[in-house]
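Okay, so here's just one chain, in structure tokens, the form predicted on its own.
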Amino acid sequence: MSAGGPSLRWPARVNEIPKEVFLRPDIFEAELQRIFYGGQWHALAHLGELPEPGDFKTMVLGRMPVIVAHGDDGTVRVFVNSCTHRGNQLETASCGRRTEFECPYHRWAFANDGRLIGCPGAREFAPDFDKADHGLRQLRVAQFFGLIFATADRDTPPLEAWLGATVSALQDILGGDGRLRLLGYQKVRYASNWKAYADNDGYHAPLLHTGFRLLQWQGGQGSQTVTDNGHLAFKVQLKPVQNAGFLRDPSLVAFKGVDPQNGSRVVQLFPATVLTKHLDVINLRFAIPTSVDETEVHYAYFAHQDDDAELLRHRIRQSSNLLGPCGVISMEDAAIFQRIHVGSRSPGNAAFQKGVKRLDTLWHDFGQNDEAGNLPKWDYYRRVMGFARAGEGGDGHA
């Protein structure tokens, strides 16, 4: 975006966020260009969702439809889901297996490595036509323990540098070695801007969620790590569950891991990917900003490839029942996302308080339950969008 982009004067105090960023369509359109098509990596899938050559998954990056394809050559690629002839959407299935993708409009066919392999009537095409020039458009792709990322910007930093200090917690969530198998999905649309969905903090969990209180998960002795480019990683201390009669079958909250004191990890990757492990649940949440006031989230649940039959059944039962959109410890989130969106239709700024140490500049040491850990992410967002703080130079344009 140029200086003609949306104008917004950011508050001078580092703990304040202008409510209008959740509501303005012009800001949302600028976010698509600067963030979702800009210099960020976006988690689109895990290899456990497409483990075999020929497997694929469709997703949306910003508004751009994409295909995550495991080629017959063993390479995972991400293609723009658009025929290079007239732009028709190639694949409509959410997942499956294909040796090739065929456009129904004019029957152009593409191998699952992206090459154009068939185009009827080619002898009557333009004089300079060459099939080699019309393969599917590919995005840059990188993996971290099977987690598949793509970026539309060739200048995005290498993936591990971009992940920064989140890598340890992220590896823990991904089973230590990334050898995961898909259990299934839940897909939901929240009546909320994507930034409200991604603004979850460590302060609210023991206060909002009844499940946390029942499980006595209120210790706050874990750690919170933040990065300069908007990521957060929580290593949360959990007490062993003491069933006080609130569950008829306490196996739902049983922990079969090694140490319940280290039973929880949460990583929030900028802009809107959330990955979490509570007890024995491995849950990756892929978010799609469908509009300024709606966000679609795909909850994907995984087991480890080495799980025995008993542990596999346990993970299946625990996954969505514990961490799903209506799970025991997460069911209140949807209402809060929507109420943030409604409440933001009011003047002024939202102000963070818990863990705020100063008002003039940022810092990077936070406790497990500090909401202030989100402030470096908000500052990174502000800088990517080109919004100047009040009192800084510039005109406040993106």
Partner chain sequence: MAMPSDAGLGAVDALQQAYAAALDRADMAGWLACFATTEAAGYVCIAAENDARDLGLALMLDDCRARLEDRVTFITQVWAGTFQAYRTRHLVYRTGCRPGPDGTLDVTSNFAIMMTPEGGSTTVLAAGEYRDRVVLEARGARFLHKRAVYDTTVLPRYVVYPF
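For clarity, every value in this text was computed on a predicted model and none was experimentally measured. Numbering follows the first chain given and starts at 1.
Note that the form predicted together with the partner chain isn't included here; everything after this is about it.
Shown without its partner, this chain lists Q221, S168, S94, Q305 as candidates; in the predicted bound form, only S94 has a non-hydrogen atom within 4.5 angstroms of the partner chain.
Residue in contact with the partner chain in the predicted bound form (any heavy atom within 4.5 Å), chosen from P271, G327, G175, G114: G327.
In the predicted bound form, the partner chain stays beyond 4.5 Å of every heavy atom belonging to R140. At least one heavy atom of G211 is located within 4.5 Å of the partner chain in the predicted bound form. Though the partner is left out of this view, N88 does not reach within 4.5 Å of the partner chain in the predicted bound form, counting heavy atoms only.
Proximity of M331 to the partner chain in the predicted bound form falls within the 4.5 Å heavy atom cutoff. Contact with the partner chain, judged by heavy atoms within 4.5 Å in the predicted bound form, is confined among 336 to 344, 351 to 359, 368 to 376, 60 to 68 to 336 to 344. Contact check for Y185, Y190 and I316: all three have a heavy atom within 4.5 Å of the partner chain in the predicted bound form. Contact annotation for 342 to 362: no residue has a non-hydrogen atom within 4.5 angstroms of the partner chain in the predicted bound form.
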